[in-house]
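Coming up, as C-alpha cells: structure 1 and structure 2, two forms of one and the same protein chain.
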Structure 1
C-alpha cells in the first residue's frame, strides 16, 4: 500500500510580499523630510514658466499676442501647458506629492509628540555625574520648596521614590519647541491647500466705471478678468453696480483719499455703500475693491454733414500727476444722410493726452498737479480706415499703429494741437472736435477667493509656530535626595543651549538656600561637582 503525502501548506505569494515591501519603502521615501524639500524646490522650478510665459487665467489677450509673435513656437508650448502652468498635470502632480509628503512627515510626528506630552519625565541615570551639568549640594534642600519652585517656573515634573529611600524629582521643559515645529510645518500644508483652492475656485474681474454709469456682473462687461480652473460664467453671482459719485482728494501732488458712492442691486434687494480703499463691498461672498481712479474726457465730434457724436472716453494715467493718454475713435463719422452710405476712408480718430493742470507759462506739456485746475487735451488727428472692421481685437486706448504704418490711416495735423475746456480742434475738411468736459472714473476689482481664509490661517500658524521653534530650548533637570543626606542636581540639554549651566545653578540655588555656584574659571572638575 502506497502512502499519500499531504501537500505542504501554501505560503503567501512572494509577489504580494515584494509589492508590499516596495510600497512601504517608497512611502517612507516619499514622506521623508529630504523628499519634501526636494519637492518644494521642484515646485519653485516648475513655477518659473508661469512667470515667463503669459497665462490664460491672467490675460487671454497676452496669450493671443504671443501666438501672433511666435506662430511656430506657441502651439508647441501650448501642448506642454506653458500657458496654463498652474493647472497643468505636471505642476499639479508636484503640488499633490508635496502635500502628501508633508502630511506623511507631520502626522506621525503629531502622534509621537502627543505621547511625549502625556508621558512621565524620564528618570535620571544612576550615575548623575555623567550628565553635562552636575552638582552635589551640601546644604539642606527642601522637597516642598523644590516642588513649588518647579511648578512656579512651569516645569513638567515627575516624582519617584525608591525602596532605599531615594527620592528623585525629574523635570522637563521645552516641549513648546516641537509644538512650534509641528505648527510651522502644518502651516505650509494650510498654505498649499489655500493656494490650490484659490487657483481652482477663485475669479476676478477689473472694470473702469465712470460716474453715473452702471454695469452688471458678467464677463462681457469686464475690461479684464480671470477664472479659476473650476469656475465658469454661470458661477458668478448676479448683481449690478452703479457709480453715483466719486471724489479723489490730493495733498502735495499725491492722493490721500478715494471715496466712491455706489448703489448695488441683487436678487435679494438693493442698497448703497461708501466704497473706500481697503474697505470693500461684500456681495454674496464676493468683494468689490476700489483700487484706483482716473479721468474720463467728454468730447463731441461734428462731421462734414453736421452730424454730431458725443463720446465719454476713459483715459489711462501715465504718471502720478495723472497725465493721461487715450484715443477717440469715430468709425461711423461722415455718413451721407441722403444715401446712408459710409465712406470707409473717412473714419476719424484722435490720439489724446489729458493734462489735468496745464501751465502755459512753461514749455512743458505735461503737468505736475493731478487735480483738475486747468485741464487741456493734446490731440493728434487721423483719417482713413481705423481697422475696426477687420475683426481683430485692438486697444480702445490707442490708435492702431499697424493701420498708420500701412498707409490706411493718415495723420492730419503735423503738430500736436492743445485745446482747453470749451475749445474745438478744426480739421482741414471743416470737421471739429470739441472738448466738453472731464469726468472721474473709479477702477473696481471684483474678486472671489475662497482660499484666502485658509492661507490666512496658515500664515497665523506659521507665525505662531516659528517663534517657539526658534526661541524655546528643550532641557531636563533632576534633583535627587540620597539616603546619606546629600542632594544631587543634574541637567541635560536636548538642543543647543548655552545657558543650561546658569539656569540649572539658578534652580539649585532656589531649592537649596545658601548654595553658591562655583565660578566658571575656578571649576577644574569637568562635572562641576561641589561638595
Structure 2
C-alpha cells in the first residue's frame, strides 16, 4: 500500500523489484511439479474433443456432414475450434505452457546436474549408524582393495583423511538416472520442434490413378492436396508416375494384399517399383504410399449418329464389399457429324453402381464379396443438360442433382437397369451404353515431411532417456576406517530402491573378505505376506 502512495520517481525501483518478485513467484509456480501435473491432466482433457467431433485436418467431408446434421450447433462449435482442436488456441496454450514449464524445469536442473557430476561425494555423517544401512565390520578391510572394488564397479569415489587418522571413502552411483531424466524431458521439446517443422514445411497430395494412366507431381494433378505455410508450390520435386498394373488378392471375401506396379521418372532417371501397403516408394525424400484402391468401369456409349465414346471412369467404394458408385458423363454426345448441329437433349449421363459380385438369386442389388466374380452395373440414364458448362466445380462421381431438380436434366428410366459384363443398356432413342470391362485404380498419397527424421530421432532419444530415468537408482556408500581400528560401512538411497541392503552387504563382503552379512530380519517383509 505504501508503494502506491510514494512519489513516482522513488517508486520506480520498488515497482521494478515488486515486478521482479512477482515474476519470480509466477515463474516458480509455472515450473513447479504440481503445475506440470495439472498441465498434463489439462492436456489430456483438452485432447478429448478431437475424438468426439470431426476434425478438418482428417476429414473435411465429415465436418461438412456435421454442419448438415447440426446446422444450429455447428457454427458455435466452430467458433470454439471444435473442428480444429489440435491447432486451436486453447489446446496450443496448454501445450505451450507445458513446454515453457518443461524448459524452466530442465534448464536449472541441467546446471545442478552438471555440478553434481563433478562435485565431490559428500562425507558420511559423524555417526554413521543413523544411516539406513550400517555395519561395523569385524574382519580386516584393506584400503587399496576397497579402492579397486569401487573402481571396478564404477562407483565415483572421494577419499578423505582426517587429522586423527580417520579415512573415509565416500562413493556414489546412479547419476545416469538424472541424465536420462533430462534427456527424456529435453527430447519432448525436440520432438515438438520436429512436429512444428513438419507442419510448416511438409506437403501432400492424394491421387486416384487407374491402370495404364500416368500423372506428374504438381498440384493441379492431385485430387486433394495440402501445403505447409513455408512450402512454395513451384518448388515441388519433378517426377511422374505410371500405374502399370494393380492386383488385389482376396481370401474368403476379404482383401489380403494389394500390389501396384508403378514406373517412375525423375530428372535423374527412371525405375519400377512394386508398391504395397506398408511398403512406400521413396523418391528423393518424397514418399509415395498406396493407401487404397477401387474399381474403374470401362463403358462405351454409342450415340444417335453411331459415334462411339469409351470412358474409363473411377468409381468410389461405398462399403467393405467394394460396391462402388459413380457417374458416366457424355457432354459431347449426339452431335450431328455432318451439320455439327447439337440436339437440345443431346447430353447424356448415367448414375452408376458397380456391384463386384452380383447375386441374382437374392433380391439384393448390392453384393457382399469385393472380388470381381460377377460384376454388374446398375444404371439410371439422364438426358438434357449435364450442367458442366456453367463454370461451377463439378463432381465427376455424381450426376448434378440441381440440374435434375430444375428439369434441365431428365431421368430416362424409372427402374434401375442392371447389366452384366459385355451387355448393353439401350435407351428409348436407340442409343446404347455397353459395359466393356472393369479395371482397377490405386489411391496414392504423395507426402514430403522434413520433420519426420527429427521426430523419429526425438522419439529414440526419449526412450533412451526414459529407461535409465526409471530403472537407475542413485545411492551412496561409505567406508570408514576409524583410528581405533574398527571399520564401518554405510549406505543411503537417494531413490526408492529395495535392494540397498543386499548391495551394500555384497560390497562390504567384497572389501572385507570373510565378512558375514547378518541373516535377513523378519521385519524386512516388503509384501506384508507374513503379517
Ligand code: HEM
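Each form is matched to the other, and the largest set of C-alpha atoms that superpose within 1.5 Å is called the rigid core. These figures come from a predicted structure and were not determined experimentally. Residue numbers count along the first chain shown, from 1.
- Each of the two structures shows the same chain on its own, and it is structure 1 that derives from the form predicted alone.
- Core-superposed comparison between structures 1 and 2: the CA of residue 411 stays below a 2 Å shift.
- With the core held fixed, residue 437 shows a CA shift below 2 Å between structures 1 and 2.
- Once the cores line up, the CA of residue 143 ends up 2 angstroms or more apart between structures 1 and 2.
- Per-residue C-alpha deviation between structures 1 and 2, core superposed: residue 48, 10.9 Å.
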